[in-house]
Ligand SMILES: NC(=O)c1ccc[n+]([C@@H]2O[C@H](COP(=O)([O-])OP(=O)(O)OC[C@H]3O[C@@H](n4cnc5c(N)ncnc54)[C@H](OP(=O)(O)O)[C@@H]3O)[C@@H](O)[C@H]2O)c1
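Before any questions on binding or motion, here is one chain by itself as structure tokens, the form predicted alone.
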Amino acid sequence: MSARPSKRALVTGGAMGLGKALSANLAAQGWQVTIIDRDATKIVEKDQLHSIKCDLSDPVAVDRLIEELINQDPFDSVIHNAAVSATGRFETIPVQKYHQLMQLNVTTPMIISSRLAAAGRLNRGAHLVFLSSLSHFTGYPGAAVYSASKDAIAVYAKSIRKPFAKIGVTVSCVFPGPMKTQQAERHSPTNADAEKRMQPETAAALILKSVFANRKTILPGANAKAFAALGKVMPIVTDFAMRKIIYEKLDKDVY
């Protein structure tokens, strides 16, 4: 009897942070993982980890990437993790940066998902996973366009669940809170306390456990669940907290 082939996963933004942790976790479980990142030099390729260099904010590069993916075997899991942020006073951040942010955070994952589905490159029983943000429940003063992009991808994920269910694909959306990553550090106010942030490896384990349990809405960790609940029932309180914790402490524009 021939050995059962390994399941195949696609993870965007897998060179660092949460994407790296998700990729490593899947590989440890025996998955073949294809990582998409613009900085593929940071990815150590192994038997089960392979990388493709691509700037996901470049529409032309994304079109080439999709053609390459369509010519590969189908995927059993696609995790749209790649994202960029822009923090500071929104009126001082160049408009072009917002175009790049929306392209990478919203347009690219939507196009990749639809093209893979249309080409039959999502196996029946596959999981399609989108990374939103806890800001979906609270707002994010100081990162308005980032927050808008994460709201958009959350609504998209919700909207395609039934159509994708007809082809046997489960759609999940993840709403993580602050994590201990370089990106979070870069966009946080100077001297912000990073010790309370979740380790990406912990978040990755919680996320994948929920994904494979076919959960549609995923809030990794008790703190994320509590803050999301508070945002729903007491939005004025959470808005005030976010302004005090983040917006009023911002001392630089980062994009």
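Just so you know, these numbers come straight off a predicted model, no measurement behind them. Counting begins at 1, following the sequence as shown.
Keep in mind that the form predicted in complex with this ligand is not shown, yet the notes after this line are about it.
Undergrad: Name the stretch: of 51-59, 23-31, 65-73, 224-232, exactly one has residues whose heavy atoms fall within 4.5 Å of this ligand in the predicted complex.
TA: The contacting stretch is 51-59.
Undergrad: Could you check which residue among 181, 138, 107, 170 gets a heavy atom within 4.5 Å of this ligand in the predicted complex?
TA: Of the listed residues, the single hit is 181.
Undergrad: Select from the listed residues 143, 78, 157, 131 the one whose heavy atoms reach within 4.5 Å of this ligand in the predicted complex.
TA: Checking each option against this ligand in the predicted complex, the one that comes within 4.5 Å is 131.
Undergrad: Would residue 126 sit within 4.5 Å of this ligand in the predicted complex, counting heavy atoms only?
TA: No, residue 126 is distant from the partner.
Undergrad: Would residue 83 count as touching this ligand in the predicted complex under a 4.5 Å heavy atom rule?
TA: Residue 83: yes, in contact with this ligand in the predicted complex.
Undergrad: Taking heavy atoms only, is residue 177 within 4.5 angstroms of this ligand in the predicted complex?
TA: Result yes; residue 177 sits at the interface with this ligand in the predicted complex.
Undergrad: Report whether the minimum heavy atom distance between residue 15 and this ligand in the predicted complex is within 4.5 Å.
TA: Result yes; residue 15 sits at the interface with this ligand in the predicted complex.
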